[in-house]
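What follows is a single chain, given as structure tokens, in the form predicted alone.
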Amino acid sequence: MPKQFWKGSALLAPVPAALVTCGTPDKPNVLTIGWTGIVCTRPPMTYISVRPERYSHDIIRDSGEFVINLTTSAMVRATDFCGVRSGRDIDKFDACGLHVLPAHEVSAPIIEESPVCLECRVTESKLLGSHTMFLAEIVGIDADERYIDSKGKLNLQQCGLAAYAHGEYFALGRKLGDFGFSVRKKKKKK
């Protein structure tokens, strides 16, 4: 099938539609981040990329901490709002009806409505052009007990997670397989 060639651009999709919190529970801020992902397993490492002109940029740079709060389909309106409004001008938590809880390992708060919150401590930052990448160790995870089964497994498929792709939000759909399913030997029927 023929393909068109375009110049390089930020077209890796889908990505998480994450709400990143920073500051403190007494003076919190939240912004929407799509540029995030896992960069290492041991130690668990992630990154976020933030434009230097964003209000949260200096808060994260100065504190060295943030929380990545995964969002759900029910949180998409708040997620979009937090990406187009600034904490310099408005209390986005109040405007969106979001609630803060203290984190366990970092000073930045977590969002109560988020099913999974990754507490992060910055290990390195690098200005890459339009954004500063904050590389961080994931020092703790807060998971909503509603999504943890009796065996202690986190069932993300029940959370209704949201994703972002090329300017649009999507609800994650049905499970298609799990890691290694393509090479796993089938059990013989008796």
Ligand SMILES: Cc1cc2nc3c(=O)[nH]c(=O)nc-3n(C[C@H](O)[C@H](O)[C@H](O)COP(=O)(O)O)c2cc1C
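Throughout, we count residues from 1 along the sequence that is shown. This structure is a prediction, so every number in the text was calculated from the model and none was measured.
Only in words, not in the display: the form predicted together with this ligand, which the text now covers.
Participant: With this ligand left out of view, which of Leu118, Cys82, Ala103, Ile111 would have a heavy atom within 4.5 Å of it in the predicted bound form?
Facilitator: So the residue touching this ligand in the predicted bound form, by this definition, is Cys82.
Participant: Spell it out for me: taking this ligand in the predicted bound form, does every residue among Asn29, His131 and Tyr169 have a heavy atom no farther than 4.5 Å from it?
Facilitator: The answer is yes: all three residues contact the partner (heavy atom, 4.5 Å cut-off).
Participant: Would Ser49 sit within 4.5 Å of this ligand in the predicted bound form, counting heavy atoms only?
Facilitator: Heavy-atom contact with this ligand at 4.5 Å: present for Ser49.
Participant: How about Ser56: is it within 4.5 Å of this ligand in the predicted bound form, going by heavy atoms?
Facilitator: Residue-level check for Ser56: yes, a contact with this ligand.
Participant: Does any part of Ile68 reach within 4.5 Å of this ligand in the predicted bound form? Heavy atoms only, please.
Facilitator: The answer is no: Ile68 has no heavy atom within 4.5 Å of this ligand.
Participant: Using a 4.5 Å heavy atom cut-off, state whether Ala136 contacts this ligand in the predicted bound form.
Facilitator: No, no contact at 4.5 Å.
Participant: Exactly one stretch in 38-46, 161-169, 119-127, 136-144 has heavy atoms within 4.5 Å of this ligand in the predicted bound form; which is it?
Facilitator: Selected stretch: 161-169.
Participant: Taking this ligand as it sits in the predicted bound form, which residues of 90-117 have a non-hydrogen atom within 4.5 Å of it? Please list them.
Facilitator: Counting only heavy atoms within 4.5 Å of this ligand in the predicted bound form, the single contacting residue of 90-117 is Lys92.
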